[in-house]
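Next up is one chain by itself, shown in structure tokens, the form predicted on its own.
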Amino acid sequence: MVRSISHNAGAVYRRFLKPLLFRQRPDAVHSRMLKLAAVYQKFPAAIRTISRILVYRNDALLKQTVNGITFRNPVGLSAGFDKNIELLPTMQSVGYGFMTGGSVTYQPCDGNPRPWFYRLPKSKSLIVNVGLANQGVERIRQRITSYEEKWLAEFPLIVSIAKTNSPENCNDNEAIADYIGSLEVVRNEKHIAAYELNISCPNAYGGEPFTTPKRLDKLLTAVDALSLTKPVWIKMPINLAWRDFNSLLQVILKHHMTTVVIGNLNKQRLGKQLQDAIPVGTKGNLSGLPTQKLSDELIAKTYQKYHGKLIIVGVGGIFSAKDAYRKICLGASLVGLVTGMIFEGPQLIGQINEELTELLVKDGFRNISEAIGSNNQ
């Protein structure tokens, strides 16, 4: 029944809503969606109705504990979509098992000049150039505090933290102080399950300063000094050669951090992955399908080398249950997506979870935790 309804909803989205939305500029669509969701969230009956239609649950097969946190399903919203953590009830109502909000920064930030997004329909990708726009960590903390307990009881909130996008934070010491300031603001917020350190946003002043071993070590040493009691995830770049990527993993292990998110946007605009012409002067980096292969390869190598030492959250190019399952079988304990939902519709999350259960049963697994790394032994 759930599958029938969600597939019908998917057909409606792809045939009618998506063509309408894709004729509009993506920045405008995103802004309108935020406003619509803000209204929708005020009506509990609407949330309950959507949840009944879209949410798929199977605790026996999909529920697991990662980092000491219980996840009812492994499919999460990646950082970058809900920058100010305004949509928590909406994201829960469409079936996500968790969400990563932000990235948030110590100071409010307007981000880069618009447009922030450019759509690549044939490539199943967005060019993203937001530049860490957000309302600042203190205002966002107040919003998180205002959420009723019911929205977070079985829905872990991960908060992504980055450095404020400004010329003043190009200096390493200032940038580290920015990260630490944000962590100090939210460290006692009970509604937050874990923190994600975004060290790899390529769309800000100074680029990715903490994607070299020496500088990452300096940042994580400062984080260690906080003695945080909640898990810290590290959002990784995906355009590094394995040797350089591995050097960052070794630094992370040195600091006794156990979870890496693989990974961020793709900075390369070359190869068969791009089937759309990109206007000259279009700034930003690639989400969606062009990240898939890079993400999968790094997940596999990370699991092979650090199984039992590092937990992996697989992000990049998930448009179906098969995409999510592949990442899990390569070594990801959890997966995250944004672009897939934009291209396929919000019913995609429930479809992935329902079809994941079928794939697990087909392969003889009793729980999703048994499938992690099964193709990578």
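Small disclaimer: the values here were computed from a predicted structure and weren't measured. One-based numbering along the sequence shown.
The form predicted in complex with a small molecule is left out here; the points below concern that form.
Checking 126-134, 141-149, 299-307, 215-223 against the small molecule in the model of the complex, the stretch whose residues place heavy atoms within 4.5 Å of it is 126-134. In summary, among the residues I352, L62, L337, L54, the only one with a non-hydrogen atom within 4.5 Å of the small molecule in the model of the complex is L337. Using a 4.5 angstroms threshold between heavy atoms, N264 counts as touching the small molecule in the model of the complex. Contact between G317 and the small molecule in the model of the complex is found at the 4.5 Å heavy atom cutoff. Residue contact with the small molecule in the model of the complex: G97 places no heavy atom within 4.5 Å of it. The small molecule is not shown here, but in the model of the complex it comes within 4.5 Å of a heavy atom of F117.
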